[in-house]
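What follows is one chain in structure tokens, specifically the form predicted on its own.
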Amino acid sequence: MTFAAHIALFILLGPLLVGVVRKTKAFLSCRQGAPVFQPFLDLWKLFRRGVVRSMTASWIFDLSAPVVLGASLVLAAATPLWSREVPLPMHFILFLYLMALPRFFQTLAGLDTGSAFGGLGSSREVAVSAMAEPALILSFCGLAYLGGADTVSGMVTGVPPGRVLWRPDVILLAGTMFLLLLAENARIPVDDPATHLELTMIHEAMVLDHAGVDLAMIQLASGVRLVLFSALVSGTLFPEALSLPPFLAIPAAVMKVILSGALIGAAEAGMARMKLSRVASYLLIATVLAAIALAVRHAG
């Protein structure tokens, strides 16, 4: 598959995954909820609207949304979703740096407008990111050790196939990645993307001053990033699916994304958002799980 087709698959699956998460949460809450394809309609509406920017915003604010979307698409090009081959093989250290780039620009944009809520959201987002960094680095090191490669695609596709679910190091690494998926993508229990109470928002407060096309690019980037983490978790647990022929691999990738959305939605429906002071404990658990996975892998 070409570079453009690989990226297009991520772009299409991002809003779909968000829609499945919302629909699952609504179903488990005994509500009808919005249609699964509502995020596509929301993006279409936002892309057709004009951009409203604060009078105090500088060029940094203008640059933020394109950089966030561009960096997310580059990361997607390095992530195996349906095949062992990716358009852009990337060392995992560079991958981690690129993951920090969108948050860096979003933080600057949140501070740039001088809004109280933008600054509040930016400071909280940076705090959560700093606490998640040890778990993120350890989990990627564990995957590299497990897969015997230093590229993101190599370390995921290098996981030995067959009876993966019986290996404690694989289960621990996948569990760590799922905890990080919720934390890094502003999901419950760390953050609530549906909240409208400014004093409790983290990510949404940081992007509160964005509108129109800028907001559409940020929401699209959020969906792509969610698919990216889902692909890492599912690729670690089910590496055999990445070896299927294309006519089976692409439907399998779509099915994995839908199942990931159902799992995320079920997890969010069964949990409440925790206090900000308890996020450190949550991410400490993820760090400990990743460290144990590394120790188990080293012990053989």
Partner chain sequence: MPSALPYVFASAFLLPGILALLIRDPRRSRVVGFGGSAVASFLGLVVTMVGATRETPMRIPLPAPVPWVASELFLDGLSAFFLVLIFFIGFLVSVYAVGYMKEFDAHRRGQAAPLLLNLLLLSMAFVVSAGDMLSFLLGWEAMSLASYFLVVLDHEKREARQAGLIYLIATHIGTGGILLAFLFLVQTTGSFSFNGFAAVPIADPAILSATFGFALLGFGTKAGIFPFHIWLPYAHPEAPSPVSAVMSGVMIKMGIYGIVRFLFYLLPSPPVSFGAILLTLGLLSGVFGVLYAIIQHDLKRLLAFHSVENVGIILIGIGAASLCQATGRPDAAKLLLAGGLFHVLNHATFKALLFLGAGAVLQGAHTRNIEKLGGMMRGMPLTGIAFLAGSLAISAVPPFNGFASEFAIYRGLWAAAGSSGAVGVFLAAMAGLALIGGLAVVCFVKVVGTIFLGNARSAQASAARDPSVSMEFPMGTLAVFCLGLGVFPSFVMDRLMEITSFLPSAGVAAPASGGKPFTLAIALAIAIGGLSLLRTYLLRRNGQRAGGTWGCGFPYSTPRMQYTASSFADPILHVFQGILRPHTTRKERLSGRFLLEVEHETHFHDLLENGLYLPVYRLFVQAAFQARRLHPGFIHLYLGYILGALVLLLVFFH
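Residue numbers count along the first chain shown, from 1. Since we're looking at a predicted model, the values are computed, not measured.
The same protein also has a form predicted together with the partner chain, omitted here; what follows describes it.
- Contact with the partner chain in the predicted complex, judged as any non-hydrogen atom within 4.5 angstroms, is confined among 187 to 195, 95 to 103, 173 to 181, 223 to 231 to 95 to 103.
- The candidate spot formed by 237, 272 and 288 lies out of contact with the partner chain in the predicted complex, as no residue has a heavy atom within 4.5 Å of it.
- Interface residue among 255, 26, 51, 41 relative to the partner chain in the predicted complex, by the heavy atom within 4.5 Å criterion: 51.
- Using a 4.5 angstroms limit between non-hydrogen atoms, residue 12 is distant from the partner chain in the predicted complex.
- Among residues of the shown chain, residue 133 is one whose heavy atoms approach the partner chain to within 4.5 Å in the predicted complex.
- For the chain shown alone, residue 66 is a contact residue for the partner chain in the predicted complex, at least one non-hydrogen atom being within 4.5 angstroms.
- Put simply, residue 47 is close to the partner chain in the predicted complex: some heavy atom of it is within 4.5 Å.
- Contacts between 99 to 133 and the partner chain, taken as any heavy atom within 4.5 Å in the predicted complex, involve 100, 101, 104, 105, 107, 108, 111, 112, 113, 114, 115, 116, 117, 119, 120, 122, 123, 126, 127, 130, 131, 133.
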